[in-house]
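There is one chain below, alone, in structure tokens, taken in the form predicted alone.
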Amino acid sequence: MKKIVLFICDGMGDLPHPSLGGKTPLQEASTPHMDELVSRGQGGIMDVIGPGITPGSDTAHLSLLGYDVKAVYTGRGPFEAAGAGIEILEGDVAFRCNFSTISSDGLVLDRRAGRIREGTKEMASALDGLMLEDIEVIFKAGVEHRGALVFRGPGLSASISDVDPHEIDKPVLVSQATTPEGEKTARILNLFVRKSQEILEEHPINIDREARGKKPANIILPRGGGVVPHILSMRERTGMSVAGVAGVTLVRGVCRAAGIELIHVPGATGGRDTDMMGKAEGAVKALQNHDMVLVNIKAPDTAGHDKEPLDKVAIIECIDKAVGRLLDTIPEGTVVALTADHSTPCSVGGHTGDPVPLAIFAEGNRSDMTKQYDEISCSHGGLGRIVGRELMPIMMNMAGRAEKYGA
């Protein structure tokens, strides 16, 4: 049986952009190694959740791993918390959070506090351990502006609305219960948001940031509340031992929930400065004692959110070099799949439901006429247009790991 590498470039799918002469960043970038991969294998296009459905990174990764998202997904918060190293207990409610910037009159000025990179751990410690009524607050910093929040105590429910307006120049929302069971949790969440503003506005790190002309991280905006998911591990579902190479907190949380062993790679930051070559080398090393390795690179998504097509082109070209390193060093016969978890078009600045390109190469399997790896070229490939949940069975079949269905 062959081994498998699933290389996921976060948010790499895109749309034609005027500044690139009507090309996508993938079409504009020089990607000889990605092109080699698809030329030796097959191309395709993939609706990660379903046609026209806009995926989150958590639901997207679950789908790419073969899970039925509608059956197992309980909210983004628990994955963020798990990725931050918080053990989620039954009855806890977890949230994904941003360190954000709010004006004196209550408008959100920057949902990412200028993409803050330093001081978040110190500020998180000022919030961690608070008691709000009879509820314990557990708060940990994630990568850059991200954080994870857990409420622990009696009578909690995830049946509440978000406080994050998801837009700038909008006021922070007041969480509301969506069922009677959520009334206490909504009240506690609103208390936490107000308390975070009180504490962070006076925190020395924010005072220093303002003195240096930087945006203060003066409020926490939680969203995506959920309870701990109960899902079968990848070993239970597929019989494979699976490793994960990822820096971003959310993806690490998905890996933990799926029973995927996280591999530490020095310099794997989860940001634009991540060591892509190190991730490729870490994946090859992990293949020595694992059947499958998932590799996530976050940087294209960041450029898409920031509406920077030229930066996205440069990032893709760096990823291409890492793909080349992978192809040069993986064990012979390894199945390699290259794709994205969703599209983050630079013209939009957020996730969309546009399908993503897919390439799979496996020695001895079929190839097609696809010669370039991009959204348009891959759409003519032999894999056709598939749904994300179908990728895992396809890879397992190419690896000789698929079980017979029926007599």
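Keep in mind that this is a model prediction, so the values were computed, not measured. Throughout, rigid core stands for the largest set of C-alpha atoms superposing within 1.5 Å between the two forms. All residue numbers are counted from 1 along the displayed sequence.
One more form of this protein exists, namely the form predicted together with a further copy of the same chain; it is left out here, but the text below deals with it.
Although the partner is absent here, G353 lies within 4.5 Å of a further copy of the same chain in the predicted complex, judged by heavy atoms. The shortest heavy atom separation between S30 and a further copy of the same chain in the predicted complex exceeds 4.5 Å. Within 4.5 Å of any heavy atom of a further copy of the same chain in the predicted complex lies no heavy atom of S39. Interface residue remark: T339 is not counted as part of the site for a further copy of the same chain in the predicted complex, having no heavy atom within 4.5 Å. From the list 70 to 78, 227 to 235, 120 to 128, 321 to 329, the contact stretch for a further copy of the same chain in the predicted complex under a 4.5 Å heavy atom rule is 70 to 78. Interface residues of 52 to 82, taken as those with a heavy atom within 4.5 Å of a further copy of the same chain in the predicted complex (partner not displayed): G52, I53, T54, P55, G56, S57, D58, T59, V69, K70, Y73, R76, in sequence order. With the core held fixed, R256 shows a CA shift below 2 Å between this form and the one not shown.
Core-aligned CA deviation for R96 between this form and the one not shown: 2 Å or greater.
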